[in-house]
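Let's start with one chain on its own, the form predicted on its own, as structure tokens.
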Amino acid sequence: MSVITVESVSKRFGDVVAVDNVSLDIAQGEFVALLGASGCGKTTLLRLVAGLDKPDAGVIRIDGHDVTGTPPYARPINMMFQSYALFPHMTVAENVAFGLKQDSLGGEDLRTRVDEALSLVEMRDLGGRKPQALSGGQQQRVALARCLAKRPKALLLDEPLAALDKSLRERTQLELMALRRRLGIAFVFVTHDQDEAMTMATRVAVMDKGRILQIASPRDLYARPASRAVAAFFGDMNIFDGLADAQGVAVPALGRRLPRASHYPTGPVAVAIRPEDISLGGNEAITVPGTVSDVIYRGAISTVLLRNATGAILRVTVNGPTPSVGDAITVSWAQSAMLVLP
């Protein structure tokens, strides 16, 4: 059953179309990422679901009920902002209790709910501290506990990990995933970080210019992007312009015509190859000679940049010894590794 349903929703700000006829269903227990570059409409879509902005067209339902005109405080969902917005004069426990008190909860019920929420984020022993006495990661947990205390149908997260350092961000990602599994509620989060989306989300909606280009599991998006725009944004990809006809695919940047396959579209296309699908040497069906222009060292793996005769650059992932800058080498890949996209 869908917890959140967005039907043909649009939102304009003056001449700018921020959300353009978007439809989306999010089920109970899902962890859905809204992924895209700045200005793609992902935060506006999240704010529309939260009720912080009102759509110009379309319907938003939560748990089957139309909430399009319902104010934020009356919706059975909570939103956690990037800034955390903790009250500095209140203790941790008082911050978590604030929303519950607005709902007229008090006495033992209030104390139980606060204790329950702090226990979920492992902050029960710090309930008496003020926010300024906490680390950034601890403040993030308090903001999360405040949202969970109201037992929402869904939790909306607006780039909640952006302010954390790398190690803390990775640890918090795992904690959020564990919380989602334990609570069984829907999580919807906005991010521009594809690695974050791939790590946490059960489904990812890639957005651009106010539209959802494709929504699928991270694995399906990576292996089967539906368009050039999705392929370019989701994961590292070599992409070249081509022209497909009945005989094959002409790719000027690669200086050659590639074999035809029955499932290829015809006309202008994008030819895409993942760097990890390209091998050093000419053992595969499609070969490209060139000169190593740079090597990016990343520990166990490196990225080799190969410049071919046309001046095009191919990125190749190498696990092991790498050639040196200036070396003349040949790389190759199987035809099955190549995506030909509209």
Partner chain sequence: MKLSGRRKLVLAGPWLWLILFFLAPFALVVKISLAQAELGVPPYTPLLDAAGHIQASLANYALLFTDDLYLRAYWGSVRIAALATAFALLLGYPFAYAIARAPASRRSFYLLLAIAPFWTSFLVRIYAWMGLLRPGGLINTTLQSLGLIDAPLKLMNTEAAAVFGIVYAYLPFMVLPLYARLEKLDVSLLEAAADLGATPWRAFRAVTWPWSLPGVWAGCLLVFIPALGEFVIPELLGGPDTLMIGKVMWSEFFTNRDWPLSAAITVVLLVMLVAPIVAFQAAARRNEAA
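All figures in this text were calculated on a predicted structure; none of them were measured in a lab. Residue numbers count along the first chain shown, from 1.
Here the subject shifts to the form predicted in complex with the partner chain, a form of this protein not shown in this document.
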Contact label in the model of the complex: residue 171 to the partner chain, heavy atom within 4.5 Å: no
Residue 90 within 4.5 Å of the partner chain in the model of the complex, heavy atoms: yes
Heavy atom of residue 98 within 4.5 Å of the partner chain in the model of the complex: yes
Distance check, residue 150 to the partner chain in the model of the complex, heavy atom within 4.5 Å: yes
Interface segment, criterion being heavy atoms within 4.5 Å of the partner chain in the model of the complex, picked from 298-306, 280-288, 35-43, 66-74: 66-74
Contact check for 240, 256 and 293 against the partner chain in the model of the complex, heavy atom at 4.5 Å: no
Heavy atom within 4.5 Å of the partner chain in the model of the complex - residue from 83, 217, 266, 247: 83
Among the candidates 117, 212, 201, 79, the residue which, in the model of the complex, approaches the partner chain to within 4.5 Å (heavy atoms): 79
